[in-house]
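As structure tokens, one chain now follows by itself in the form predicted on its own.
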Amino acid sequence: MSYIEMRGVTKIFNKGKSNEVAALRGVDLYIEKGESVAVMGVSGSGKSTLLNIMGTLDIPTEGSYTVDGVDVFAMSSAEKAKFRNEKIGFALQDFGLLDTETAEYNIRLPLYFTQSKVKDAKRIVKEIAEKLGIAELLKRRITQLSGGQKQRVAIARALICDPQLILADEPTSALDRTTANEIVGLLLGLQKEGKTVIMVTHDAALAARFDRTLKISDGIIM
């Protein structure tokens, strides 16, 4: 069994209405543990919907989805929330950070929703920040950071609970070429540590650095 398995996953928005949209159409997908995969496609092709389902942020209209042998769609809402917080790390296009708070606060936030002791948070945050080269930025507010620094903080937050699956949705789209390459380098460095990394991107040059590229068109994996 593959680490990630999707079988016949379909997602229809506004089903039965005049504005019905099929975002995914019977997707079959298999990803091995420790693999890096880039997902490419034009806007509206279903990339983000696919990633949202992988991250348990959305549920399909039809189909099955397992991660490491666990049937994700059989979980209750509370079980999915716990699974998502502890097993999946997200890096988003708009960073998803609290602008009025410090980098340290943003990075440690997921720990408050786990069994991790808050007294260990400062040490864990420091270790991850040093790893990502942002230790000197921890006391700065997000509004004081550059785009590349914000994305590093977002990745640090994604790593704080030591997830095995990293999902990145266009994490480099707002960055210059040099910074974009650095961010992808960080993500692929996580793969070397045994994590599974999946990134949605429009950039073919960045996608080429991954083990495999999936192309999606009109809700179908090509």
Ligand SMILES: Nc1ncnc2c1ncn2[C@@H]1O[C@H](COP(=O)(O)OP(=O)(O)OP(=O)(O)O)[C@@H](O)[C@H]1O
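All values derive from a computational prediction rather than experimental measurement. Residue numbers run from 1 along the displayed sequence.
There is another form of this protein, the form predicted together with this ligand, and it is not shown here; the text below is about that form.
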Tell me which of 189-197, 160-168, 66-74, 40-48 has residues with heavy atoms within 4.5 angstroms of this ligand in the predicted complex?
-> 40-48
Heavy atom within 4.5 Å of this ligand in the predicted complex: which of Leu214, Ala23, Leu206, Val9?
-> Ala23
Of 186-204, which residues get within 4.5 Å of this ligand in the predicted complex if you count heavy atoms?
-> His202
